[in-house]
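Only one chain is given next, in structure tokens, and it is the form predicted alone.
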């Protein structure tokens, strides 16, 4: 089975065909000069699609197309995963044209032309915004009047998500470490440019915002600008809204600073010849990127690797060096020979840029958005087996509400309760081998204290105290959302027992919602350990869909979904959720879930 991938811009259409089993690229091509007049007719996107199909046919290859994947830059709040394209999807892409005027109208034109030419196979939209959809609320919210923002749908969406997701995964493979254990800063640098903080596999911050205009310096786009400057230009009378739009999108960035256009190669050549504006453009570009690296390292509490991709990120060794210099304080030490030689060989997909003594790695990775789109298509189309999906949807998952509790090491327990103390059994928990102890501790924060937090047994190898968002604000501590056991770099907290008070340097978290499964359950539900799913929660006063639910599979586990008290309150389940259950959601398979998958009803854990 083969997937055709279409990546359309304002003046060109790139395409590729992939074998969905081997992920081998079977064919690539590009149609250019769209919007211009040809010998007989204007080169529209309909013409481009016709030329694409003609090219595929002329090469003599026979392809069994199972799907067509389309890159769409802006999916708004409605679409946070790949979807089968229908009239509603096209309407949303159309509605987002004002937010992505350089991208969405051309993607929509190509989609409509391709669906007309290939009407009998599924067409899939893969959104640049999807990877950032679950960013914490603090990262996606602008500090303007809340009601105004809600009325106009103003929030930070982020873009280049397809590329950021791909290179983060490739970097994890290069480092031979699970992506879920890494804190990465990915830099997609090209005519469009953005940075992303990828914490344990999830986008938690990114430089582009409500539109692809915010953030880093780009080829012809400004990136960050004081909003007051825009007001000044409007009040001057020299610019109206359309002229200001043109200034920021077409005549800013490297082009506006240098006066030479957006080609960094020419700018670097002119800078070497003494052109001061070219030098300024390079310095501003590098400075802005370096500033974001420092900010994102602080936001994540550290960084394991910085990853470069995109046309500039992959090809400009001098720009990479400028960006990475003066980052020794993070433990990042560039190796100039490695930097100069990176990706020189045609078969290289990634390369290391840092020296052996560097504690933080820098890597350059060739992005492959087309392959990522093909993967998304294969996954989605492969799930469209309605009989199987319906059967699985009818299988319920019991829900348990997990209140605040503590897992302690033997050392910490001895400090709090005395060297001869032992953990006393209170009652068994639903998960085999786990129990609630009689012993309790107090949590002391800068703002207040929470008393009577029960310890769960048996004792563990690391201290981990799990609280809700409400508890976090009561204590006055910023606790990150983490998987169980993933406490490195988490929040500090003071704990008090009858024998002593102990200051923990880390260990306070808001636990990520998850489902415990025995391997037999995983087989029945057709899911894997560490997979992320959506769960529809039933049994409360109102039904909700919880996204970003982690599947955890182990021989000793019993089937059960764990949510915290805030999440239970959101679904009005009560403190114990007696009789409540959840059902796996298969997007775009069962129309019965259409109402539940409304974004307005989704509850985010990482707010």
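Fair warning: this is a prediction, and the values are worked out from it, not measured in the lab. Residue numbers count along the first chain shown, from 1.
What follows is about the form predicted in complex with a small molecule, which we do not show.
Partner absent here, but in the model of the complex, which of 81-89, 264-272, 151-159, 468-476 has residues with a heavy atom within 4.5 Å of the small molecule?
Correct option: 264-272.
Only one of 122, 76, 190, 209 gets a heavy atom within 4.5 Å of the small molecule in the model of the complex. Which one?
None of the other options qualify; the answer is 190.
Which listed residue (282, 204, 179, 312) meets the criterion of a heavy atom within 4.5 Å of the small molecule in the model of the complex?
The residue in contact is 312.
If we define contact as a non-hydrogen atom of the residue within 4.5 angstroms of the partner, is residue 464 a contact of the small molecule in the model of the complex?
Because no heavy atom of residue 464 falls inside 4.5 Å of the small molecule in the model of the complex, the answer is no.
Does at least one non-hydrogen atom of residue 252 fall within 4.5 angstroms of the small molecule in the model of the complex?
Although the small molecule is absent here, residue 252 would stay clear of it in the model of the complex, with no heavy atoms inside 4.5 Å.
Check whether residue 316 has any heavy atom within 4.5 Å of a heavy atom of the small molecule in the model of the complex, and answer yes or no.
Yes, contact at 4.5 Å.
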